[in-house]
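In the block that follows, a single chain appears as structure tokens, in the form predicted alone.
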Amino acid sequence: MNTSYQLFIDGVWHEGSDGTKVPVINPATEEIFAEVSWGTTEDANLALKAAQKALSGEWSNWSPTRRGRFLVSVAAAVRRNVSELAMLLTNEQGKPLYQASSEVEDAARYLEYFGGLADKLTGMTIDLGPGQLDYVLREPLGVTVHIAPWNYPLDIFCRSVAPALAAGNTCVVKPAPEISLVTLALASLFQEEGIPAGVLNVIPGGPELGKVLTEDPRVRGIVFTGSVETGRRVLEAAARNITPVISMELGGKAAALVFVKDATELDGPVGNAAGTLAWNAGQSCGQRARWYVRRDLYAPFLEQLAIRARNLLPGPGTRPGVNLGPLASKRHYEKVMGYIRIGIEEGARLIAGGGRPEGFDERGFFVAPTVFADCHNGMRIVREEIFGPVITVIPVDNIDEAVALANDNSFGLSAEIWTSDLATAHSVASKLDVGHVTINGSAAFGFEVPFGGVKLSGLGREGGPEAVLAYTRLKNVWVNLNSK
């Protein structure tokens, strides 16, 4: 495995301009296993200059069909390298290998999907009457900046970079400071497949690098996934240059409403609740973190969930059978453990977890799957995004109460309903103040369908055919056919 990673700017790999390198820590062992060059303001300027130049270079002569075929070829390269990418992702971010492999496949699917859409973008003609021709062109925005998070570095990279390239833009990507190696490894596959110099640039670095990129007037589109606080700063920076913000995903506190017929139908929602603890150790914006359970189902739901939660197997993601990896960093581990202490202080009842898993020493950022019962909407553990293997369960008397409580939150990314009554399902879906609703399951997150939030969860949508349109601008052309 490569142990030293460099910046990718203008088709070339090189060290950061000031020579700084940052150690990369395996969150399961807390051991340093690699190092990565750190980008500076000078490097950001080099990348933006390269991306700007590439707009009028070889890339501008690529037809939409060629861009699409290129993205599909990168998708194939990703699949050929699934083992290497998944292992690197597990070592760097912590998720179990099978979950890392699933993310690699998601990345390939985004590349494939948007590659297929590249030659489907069309303009239009408008009938203004005799002697006039009016048509509308759909053009790329220009240089786009993509600030990616650490929880799904491959998935979220491809869901924005793929449509940006499909539409003919050039990209500068800043991975999260904690997780950048796997993004650089992915960039190497773009290079191997023949992407022109300057079209894709990847620069690891800290918050100051993101500030430089979002404030630059050469940037014509921004994509950001991260915290609400940083999102506000990105919007302020974009406002100075009237830079379009294509999408912002700023987190969530998703609610799940359990209204199945009786306790015999609890296997689905209980299994889903346990799964939301295990998948990526709960480090997902769409994690169903608040469970509103009809009162007659409450006790059996908790009983079954406690058993499922205790049966989850934490450990290093490379160990067979493990389905709950460590949290991605020490800083985040301390944040999640702090929220568990807050939940106990607030009077919530622990039915599972509440600290480190049994039998684990102090190495690794492991948190036992934690379930709090007897919660209410005034608690911080219910209102605030914890972003870990922690969920809260609240009893409710009827569906109207559940909807009101679900909507009583500053986030509005996604929600979930469990019921065998389709009329109830559709009615509730229309009342939930979120951007994404699932019924009796948690599929349909991305690729062919739009995904994004409302309220503090952000703006814009990614995924689906409309997503690629967000990376284009319209130009109207009017022609006087009667001029001599």
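Since we're looking at a predicted model, the values are computed, not measured. Start at 1 with the first residue shown and count on from there.
Form predicted together with nicotinamide-adenine-dinucleotide (NAD): not shown, discussed below.
Residues of just one listed stretch (345-353, 122-130, 74-82, 206-214) have heavy atoms within 4.5 Å of nicotinamide-adenine-dinucleotide (NAD) in the predicted complex: 206-214. Out of the listed residues 156, 200, 100, 277, 156 is the one that sits within 4.5 Å of nicotinamide-adenine-dinucleotide (NAD) in the predicted complex by at least one heavy atom. Proximity to nicotinamide-adenine-dinucleotide (NAD) in the predicted complex, taken as a non-hydrogen atom within 4.5 angstroms, holds for one residue of 176, 87, 379, 260, which is 176. Remark: residue 285 counts among the residues lining nicotinamide-adenine-dinucleotide (NAD) in the predicted complex, judged by a heavy atom distance of 4.5 Å or less. Residue contact check for residue 413: one or more of its heavy atoms lie within 4.5 Å of nicotinamide-adenine-dinucleotide (NAD) in the predicted complex. Although the partner is absent here, residue 225 lies within 4.5 Å of nicotinamide-adenine-dinucleotide (NAD) in the predicted complex, judged by heavy atoms. In the predicted complex, nicotinamide-adenine-dinucleotide (NAD) sits beyond 4.5 Å of every heavy atom of residue 340.
Residues 249, 250, 251, 252 of 245-265 are found to place at least one heavy atom within 4.5 Å of nicotinamide-adenine-dinucleotide (NAD) in the predicted complex.
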